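Just one chain follows, in the form predicted on its own, and it is written as structure tokens.
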């Protein structure tokens, strides 16, 4: 209930004169935004001034860098399923969002970023901190728009939220000139957007394609399901599981799709791609029907396209028609939201058990356990491996934590071995591969799912790209567990240099500060361990600690991530060593 002092800040019920800046805040409240990540500056100062009167209803997290802000917005969106919101000022503030926008665009993450801009009459004059952010961000946003008149703000922000979250989600940037933020206008209410002329977020579902797909599936002897993040973006986890279980088909996931089906589900046969599991990669080139659901046939999944599933008839379910047939020729295109198309397909497929076919995956898995997994998770060497750290983490969390990984060897290890019992539990930078993503994204994830344990798994290289966001943790009190797997190398680059460049280790031996002391400077408790007998207790201490905690684990320096599909090879040429 609002206090008397705050009653004046309630949304007006009739036309009243307000500033453009206040209209921004009212629009966010109407969209049920609860958290904004941002960094103030001159060109967005009026919005921050308006926000001052609404801090009882809208939480603002002050980040230490705009890139940290947008990655936090991504983590929030990915953990919660809501739209992430980010504020930045003009010039460098806006350009610091570009990496995050690109990351969100390729990973289909819904964001609304609001940047300040110089006064409209100064546009094009090279004014202080003026930059043409619209042209800079056009390739990396789903939509962007510049507001120069306060009266446009309510409708533009309504469109921004609708576009960001509808259809295939993505980032939107709204650039607002300072005069528009200061301008007074008659505000008569906010109407959420439900339709935009010429914008069709969902294609029409065509029943004939559902029938054709069902016929192929029912005739198949070796069908194989590949699923991606589209299952979660469509909130279709229940519908997907029903389809998998009725059809009896083995199913494998892209790293962005991890968690939509529990790791221990009997038909979950593992991860696809360059560092995916052995069976799913090899048997992609042996299946007779390939059913792709909410994934885009990224090159890290397909390997050489001219040798990818040439024997299979391919069914592709996707909400974005431009993805169907873009990389891989498709036999049956099933356009539409998988939450709508999967039940239609499930109704028509025959209940089956592909026992012998599933057994082939299990045989390959046994080979992979013997050649790779056993030594990675339960090593006989003196030095610790990344895999055994993740395995110990699984045992202590029971697979119930949100795991936010950065980019590199530790990312592949975390995605391969983390046990995920729930959807929206694997948060990583998939398509862009942005080092420095995990720390700020974990902060955002904690705000998006405050009831869940959030563990950031980070390499020593990636951590140093955004470690200033420890200041955000210090000030906000976000309870994030930071697990640094330190191999004293830029590990993935080093692995490629070892395998393909004759061990010419060119500038990958990276020195690091004392991470525990750095964390202590920010008021965050921490510990570093280098002995196996210390590991489990240290992990337990990290998880049970009240508040954020940093645990550094010193792992072996030159361990490689296998299996691996070498660049230029087909998925069936995956190597176990």
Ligand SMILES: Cc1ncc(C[n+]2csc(CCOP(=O)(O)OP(=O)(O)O)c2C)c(N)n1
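Residue numbers count along the first chain shown, from 1. From a predicted model like this one, the values you see are computed outputs, not experimental measurements.
Keep in mind the form predicted together with this ligand is missing from the figure; the text below concerns it.
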task = Report the residue, out of 276, 154, 462, 169, that has at least one non-hydrogen atom within 4.5 angstroms of this ligand in the predicted complex.
result = 462
task = Identify which of 134, 493, 396, 330 has a heavy atom within 4.5 Å of this ligand in the predicted complex; exactly one of them does.
result = 493
query = If you check in the predicted complex, is residue 433 within 4.5 Å of this ligand, heavy atoms only?
reply = yes
query = Counting only non-hydrogen atoms and a 4.5 angstroms cut-off, does residue 110 reach this ligand in the predicted complex?
reply = no
ask   = At the 4.5 Å heavy atom threshold, is residue 386 in contact with this ligand in the predicted complex?
value = yes
ask   = in the predicted complex, does residue 408 have a heavy atom within 4.5 Å of this ligand?
value = yes
inquiry  = At 4.5 Å between heavy atoms, only one of the stretches 205-213, 396-404, 238-246, 454-462 reaches this ligand in the predicted complex; which one is it?
reply    = 454-462
task = Sequence order please: the residues of 536-564 with a heavy atom within 4.5 Å of this ligand in the predicted complex.
result = none
